[in-house]
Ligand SMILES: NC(=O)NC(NC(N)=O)C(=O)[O-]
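First, one chain by itself: the form predicted on its own, in structure tokens.
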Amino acid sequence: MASAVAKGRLLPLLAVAAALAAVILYGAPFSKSLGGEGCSLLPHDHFWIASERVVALGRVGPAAVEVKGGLINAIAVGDYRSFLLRRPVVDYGDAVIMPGLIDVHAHLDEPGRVEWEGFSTGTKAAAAGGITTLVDMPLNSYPSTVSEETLKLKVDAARDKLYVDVGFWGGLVPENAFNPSALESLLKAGVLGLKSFMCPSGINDFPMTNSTHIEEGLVTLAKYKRPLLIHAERIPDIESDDGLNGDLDPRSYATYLKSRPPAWEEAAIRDLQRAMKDTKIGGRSEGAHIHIVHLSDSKTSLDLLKDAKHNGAKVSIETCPHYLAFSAEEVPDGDTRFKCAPPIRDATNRDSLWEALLDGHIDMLSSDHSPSAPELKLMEEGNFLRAWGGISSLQFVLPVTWSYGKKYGISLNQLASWWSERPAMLAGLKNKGAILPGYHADIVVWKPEEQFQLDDGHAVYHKHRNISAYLGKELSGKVLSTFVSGNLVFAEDQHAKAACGAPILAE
């Protein structure tokens, strides 16, 4: 990983540590005490951070974490204050120190559509939200990442723009699905896995696949033991009678719900049953892994996936904060900021998603940050059927998950599992996702109890703040500091002066 931390005397860090402790314990600002001309607001590569609540080693409690050369070097559990006497330490008081979030589903839209987002703005937003690693989707950028050549364009476009580490998914599309040499070339070039759509993606150079394409692609993926991420919606061969007709109001959210019913998710997952069986021990694509992205239907679709898992298929499932935070009943007509695919469904469905997440049937969370140019959201017209779909959320996913999950009794260890440990496993990131010796010092420090209003005065680093459905919400969980490979890349609404995140390519 890239590390360009300035090396100097450690004594000044004590002053910074005192200032940091002051802000945690007494509310005093410390932004003027932060230094560093390069990758880090703390210009040192060997220091300790400590708190009464460190999420590590399967516990939450007092501990200090030693950061050295970008890695976690040691963890001191228990009463750390006497142990750390005379050592350089940033004492965060009772703030939570936990593994940085890993978001395996984000659209950064570069190259080709930087007017939608971009590596610089997207990774700044990620850092401000406690996300230390992103995996970028292969579509919404132009060209889509479906070949070795288009991956190189993406990696080149990311150079010197990354405030967090970024990996890349490739695309499984009809043109490469039956071409093992083309897929192997893309995998050897470093994509962490592949992504496909079972319905039109809305992007011309990323056409949909069917189950046959998927079955063939999995055979190649099995050799590399990398996952296939699937947008599992398919238009059923026979539409139900409660579908759309010409009399429905396109500004009504109920109309949009009818246009994309749960039957679409169910049809796709039924189509995948043979492909899922192939991933079992002894199957044609043993070693491959099917990952269902942004599951919305908590009924039949989820039941089919639970059965597949129970029967030995290598399948994992993610859902997203917007499905856990919102319900169809509260989406205002004409407010196209809430449009996404699959849709946000009713409150009963939302509660069932939470139950499945808490019970372990849903494995992890992702943002599915899918921004666009504001004019594509058609917010004045409010036409749900024509507006671009996608929730803009990257900076807010940690406080959103915590704020809406508190009533379901979620724990800090569960949060770290859903947002760090399991995403790292999916993407094959062996030294990320936990606070352990030898792992990258990718860490978020945050105050779960601190409330804030996402109003006009709140700093938002997405390129287009006005398209986010979360604006105006009151949330709990303020991010104080974000470390990426030991670099303090964000603290107190400041970013490091240099963008030193690293591209992640599979070996």
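Computed from a prediction, not measured in an experiment: that's the story for all the values here. Each residue number is its position in the shown sequence, starting from 1.
Beyond the structure shown, there is the form predicted in complex with this ligand, which is absent from this document and is the topic of what follows.
- Site status: open, since this ligand, placed here by C-alpha superposition from its pose in the model of the complex, has no atom within 2.4 Å of backbone or C-beta atoms.
- Contact with this ligand, judged by heavy atoms within 4.5 Å in the model of the complex, is confined among 309-317, 414-422, 172-180, 337-345 to 337-345.
- Not one of Ser392, Tyr404 and Lys473 comes within 4.5 Å of this ligand in the model of the complex, counting any heavy atom.
- Among heavy atoms of Leu139, some come within 4.5 Å of this ligand in the model of the complex.
- Proximity of Asn349 to this ligand in the model of the complex: non-hydrogen atoms within 4.5 Å are absent; the residue sits far from the partner.
- Within this chain, Trp388 lines the site of this ligand in the model of the complex, having a heavy atom no more than 4.5 Å away.
- This ligand is not shown here, but in the model of the complex it comes within 4.5 Å of a heavy atom of His107.
- For the residues Lys124, Lys432, Lys154, His231, the 4.5 Å heavy atom test against this ligand in the model of the complex is passed only by His231.
- When you look in the model of the complex, the only residue of Glu117, Asp165, Asp368, Asp297 with a non-hydrogen atom within 4.5 Å of this ligand is Asp368.
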